[in-house]
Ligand SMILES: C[S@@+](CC[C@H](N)C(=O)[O-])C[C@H]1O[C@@H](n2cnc3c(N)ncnc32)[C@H](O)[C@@H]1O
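Next up: a single chain in structure tokens, the form predicted on its own.
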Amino acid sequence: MNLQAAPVLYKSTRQNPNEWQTDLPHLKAIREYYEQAGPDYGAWSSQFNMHFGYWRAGINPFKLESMLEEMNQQIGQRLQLETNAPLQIADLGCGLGASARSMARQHPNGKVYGLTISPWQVQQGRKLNLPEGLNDRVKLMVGDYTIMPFADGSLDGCYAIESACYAPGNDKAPLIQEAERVLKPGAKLVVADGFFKHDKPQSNIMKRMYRRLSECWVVRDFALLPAFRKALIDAGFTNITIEEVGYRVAPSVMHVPATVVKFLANYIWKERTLKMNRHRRNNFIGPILGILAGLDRRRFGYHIITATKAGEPKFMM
């Protein structure tokens, strides 16, 4: 692998207009969602891991935080990076940086650049970096992962954990194309998210359920697996691996009902009312609908997808 010490950061001048950049009302809605409902994720994870977990043999399925951290570890393993190398990694849609901090711990000589469109997440994430002294190695920044502030071929790896869903279109091509640009030859992109398996007609009830789920999480289009794979191929990625890991994720999903009850009880106790703003209410409803989507296994599934940028790395592990 290429052990170049640091990527060249720059203020992007690329002319790459797309739906993500021009749909300002949608961007505003995403920011508002995470500003208003973001603190509620603390009820799910004390470390603010804003994703589902990964179960494997040896992990207690009753310990949610262990499964959430295991998802971070699984993503790190699929990047196939040398542990002690001075690597440069990008977290595309980093939230409050929990996965980025985990990646920095996995690679003690590396730097992780976390991109999010939410200034609130950057501010709060930097505070969470402080107890571990990671602000020098976990660089959280406000940025657009369809136009990243990195030079061509400058990163050793990129990943997106339940954030690629926010990219434009059901193929997520703007995200995929930009990841291909910034990765070094031989470097990997890893995406963990929910995907539609096909676009065959569905019942009106299921249409309404998925539409409401999209509204709750402010997702314009969930990714369509065949279209996503084609976009990877069209961008020049090779060695594409698609893993359906719903059964690995399911034990963490089973923690949703208890988390929702705990959140609601705490909210009523503190606020003395059931009234809450739209985004907090949707954040309460979304996980429940997510369970229903997970049961629709013929149409919807949780996948981890790994793809390699074409070309030979300068140094091999």
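Please read these numbers as outputs of a predicted model, since none were measured by experiment. Throughout, we count residues from 1 along the sequence that is shown.
Below: the form predicted together with the named molecule, not depicted.
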item	value
161, 223, 187, 89 - the one with a heavy atom within 4.5 Å of the named molecule in the predicted bound form	161
Among the candidates 103, 179, 94, 191, the residue which, in the predicted bound form, approaches the named molecule to within 4.5 Å (heavy atoms)	94
Interface segment, criterion being heavy atoms within 4.5 Å of the named molecule in the predicted bound form, picked from 125-133, 202-210, 234-242, 161-169	161-169
Any non-hydrogen atom of residue 82 within 4.5 angstroms of the named molecule in the predicted bound form	no
Close approach of residue 48 to the named molecule in the predicted bound form, 4.5 Å, heavy atom	yes
Residue 54, heavy atom within 4.5 angstroms of the named molecule in the predicted bound form	no
Non-hydrogen atom contact residue 138 with the named molecule in the predicted bound form at 4.5 angstroms	no
Within 4.5 Å of the named molecule in the predicted bound form: residues from 98-137 (heavy atom criterion)	99, 115, 116, 117, 118, 121
